[in-house]
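Only one chain is given next, in structure tokens, and it is the form predicted alone.
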């Protein structure tokens, strides 16, 4: 009897979530899928089939933007994971008061919107009058076109993106590390394990789920980035920093593509995100975090 009551309570608590998902996720997604296969004309609704998908996939600029954002995402994800993990390990070692202050300070950038972050870094990197170039000129150096150079432009996107998420990812890493039972490390120390052995055989395996969470989060966010690229480089030089969302914004404002093509492109971006994240879950689903072994 008690079990039936608990089941009913659980189902009742799930109803608001299910209603919200259906209303704001599944219904709009269904409408977007329908719109990608059909086009409204003055004569009525015309069935296009996969024509729009083929047209979008064969679009040189869109596919180039996909490749660009994949390269940026891989670089940002790997760099963010490494530096956040190392910083989290450092936070664990410092005293409690300094740790609290450090955690507060590093999290502050996460409270700033991407547009504000881009404006801040633009003030640093602008060719004429930027703080960095002004310093370079003051010591006799030449200004650098950070936001319009084949080498520097990607870095102009990567660095602010890492900076804005560094605090959040470091705190998640920190939470994962302090939740590892201390007995594992004590046993490893008794057996004479070094710092690196404890890291590779205890810390990293035990934090597998945290790594998966962060990688999935970063992929979802980075594949949809547009504020920082839009303000920092605007896709330049020669569209080498053009991301898919930024491409769609430019194309829509210029009237180069229809609403059906925009919807189709958005669905393709979603499919890419699903494929990548599904692959990550598949690769790690059978791997269990394990303790340190001799």
Partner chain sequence: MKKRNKKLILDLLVVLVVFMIFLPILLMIPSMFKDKYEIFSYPWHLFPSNFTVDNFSRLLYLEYTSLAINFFRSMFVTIFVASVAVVLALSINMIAGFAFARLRFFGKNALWVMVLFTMFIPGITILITSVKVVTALGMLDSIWVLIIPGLVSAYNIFFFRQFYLGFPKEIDEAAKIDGATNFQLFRHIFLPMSKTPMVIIGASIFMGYYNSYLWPTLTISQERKDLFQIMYIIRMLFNDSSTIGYGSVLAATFVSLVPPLLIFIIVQKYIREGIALAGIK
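The term rigid core refers to the maximal set of C-alpha atoms that superpose within 1.5 Å between the two forms. Note that the structure is predicted; figures quoted are calculated from it, not measured. Numbering follows the first chain given and starts at 1.
The protein also exists as the form predicted in complex with the partner chain; that form is not presented, and the subsequent description refers to it.
Novice: Using a 4.5 Å heavy atom cut-off, which stretch among 180 to 188, 106 to 114, 72 to 80, 198 to 206 contacts the partner chain in the predicted bound form?
Specialist: The contacting stretch here is 106 to 114.
Novice: Just checking whether residue 134 would be counted as a contact of the partner chain in the predicted bound form - the rule being heavy atoms within 4.5 angstroms.
Specialist: Yes, residue 134 lies within 4.5 Å of the partner chain in the predicted bound form.
Novice: Given that the partner is absent here, does residue 279 sit within 4.5 Å of the partner chain in the predicted bound form, heavy atoms only?
Specialist: Although the partner chain is absent here, residue 279 would stay clear of it in the predicted bound form, with no heavy atoms inside 4.5 Å.
Novice: Is it the case that residue 267, even though its partner is missing from this view, gets within 4.5 Å of the partner chain in the predicted bound form, heavy atoms only?
Specialist: The answer is yes: residue 267 has a heavy atom within 4.5 Å of the partner chain.
Novice: Applying a 4.5 Å heavy atom distance criterion, does residue 215 contact the partner chain in the predicted bound form?
Specialist: The answer is no: residue 215 has no heavy atom within 4.5 Å of the partner chain.
Novice: What residues, if any, in 90 to 104 have a non-hydrogen atom within 4.5 angstroms of the partner chain in the predicted bound form?
Specialist: Residues within 4.5 Å: 90, 91, 93, 94, 95, 98, 100, 102, 103, 104.
Novice: Relative to the superposed rigid core, does the CA atom of residue 279 travel 2 Å or more between this form and the one not shown?
Specialist: Residue 279 C-alpha, core-superposed: shift of less than 2 Å.
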